[in-house]
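A lone chain, given as structure tokens: the form predicted on its own.
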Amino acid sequence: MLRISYHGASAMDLGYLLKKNPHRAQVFELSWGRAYVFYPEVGQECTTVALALEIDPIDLARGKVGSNHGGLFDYVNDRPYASSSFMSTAIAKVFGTAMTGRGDDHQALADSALDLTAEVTMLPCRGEQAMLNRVFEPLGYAVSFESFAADEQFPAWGESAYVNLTIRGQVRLRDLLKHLYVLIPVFDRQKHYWVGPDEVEKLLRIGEDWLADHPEKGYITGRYLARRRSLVNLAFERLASANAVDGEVLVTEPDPTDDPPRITLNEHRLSAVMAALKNSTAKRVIDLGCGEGNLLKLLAKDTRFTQVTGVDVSHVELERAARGLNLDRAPERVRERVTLLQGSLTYKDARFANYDAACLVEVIEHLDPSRLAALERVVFEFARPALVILTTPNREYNSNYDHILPNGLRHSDHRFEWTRAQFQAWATRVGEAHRYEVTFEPVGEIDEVHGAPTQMGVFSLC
């Protein structure tokens, strides 16, 4: 069971932040059982919500009905009683809106650090109690836990492998939920689903605000990715900005069951965008929505691009990009070529003009559809580069993924995802309206029915 308490003058507003009515219990059907949400305490000074799971251990051992494969666990297992990856899945399912930070009429409260306590019952922690402090304290929590004898009748058996964990801190609710989502299975080490390349993207997305700077990021990353060396290495490549600061290198023991290294979808995307740029005469390139600067790093290494500019609305992302590019220690010739700007892609900005090429890599799906018209004018009418390269998810391909959100989208911050026909219709209309010729390319492994996971449009000014 998980209990979250909000202490403060507006404690009763916890229900608004979680989108769960404090005055009635709710039941959520999940593929492996049920999740129950109820409020043991509702008061002006303290309100507590509880998330309890009902899991059938026999079903877990047998596997899904109609499956040719067995289950993931022995007939005698602890899954109905332990806080495990099932709890993480339930957090994302039940409190998914709160994890995004969307507060609607209570947005100011959702964006505020609150006095929050989380109690995690029966967290597996096999002789690693010291790691509880090392993992949670850097995130701003006071940590305490209750341990037990494995069996009071047999003292020689030593301590139980489980603890009741309590953490308390001044944090945003969204951050608390994200921390629990990642760190509960880190200590459990027994996920109920296959750990594949998609888990790397999920970990870095949910840990984007805190993982790179965490002193135990190696421990967290390795455990979350089930010590699969190929996946851990991919994750640490994305965390290179932190390594560049402290020189940390993750060391993992060889695992004969590891899969051979494979190219991630993000690497496919960046490779496709770079190929399109190199096939053009572009020398001055602006990356609109640059994020942590993955494309900027590639551009900065290639001297054919004489001016490289990254734009993002998030100051935090720009700081990460600067660290990843080592701008504070880079030679003067590099600093003269690379510029970072904070700005919005839906407002006319003279700084976006006079570039040969503009890139929007996985950006437009994060905008509300009502804001697309503004982005079209900013990019294609006002900035008006000779080349625009734009990538976005192909919604049809989502049927190949196991962990799609309930709304059918890949990412909790996506406002929409287009099919191939929808994207091509939009891009063609935009091109005709602003005198651009557009071509389309699939990016990533192609499914014969659903196409590629990413679709790319290349707009060339007529």
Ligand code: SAH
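For clarity, every value in this text was computed on a predicted model and none was experimentally measured. The numbering used is simple: start at 1 and walk along the sequence shown.
We do not show the form predicted together with the ligand, though everything after this point is about it.
At a distance threshold of 4.5 angstroms between non-hydrogen atoms, residue 317 is in contact with the ligand in the predicted complex. Heavy atoms of residue 339 never reach within 4.5 Å of the ligand in the predicted complex, leaving it off the interface. Although the partner is absent here, residue 324 lies well away from the ligand in the predicted complex, with no heavy atom inside 4.5 Å. Although the partner is absent from this view, residue 188 stays clear of the ligand in the predicted complex, with no non-hydrogen atom inside 4.5 angstroms. Distance criterion of 4.5 Å from any heavy atom to the ligand in the predicted complex singles out 294 from the list 309, 294, 164, 264. Listed residues 204, 363, 272, 383 were compared with the ligand in the predicted complex; 363 is the one with a heavy atom within 4.5 Å. Heavy atoms within 4.5 Å of the ligand in the predicted complex map, among the stretches 328-336, 100-108, 136-144, 364-372, onto 364-372 alone. Interface residues of 431-449, taken as those with a heavy atom within 4.5 Å of the ligand in the predicted complex (partner not displayed), are absent.
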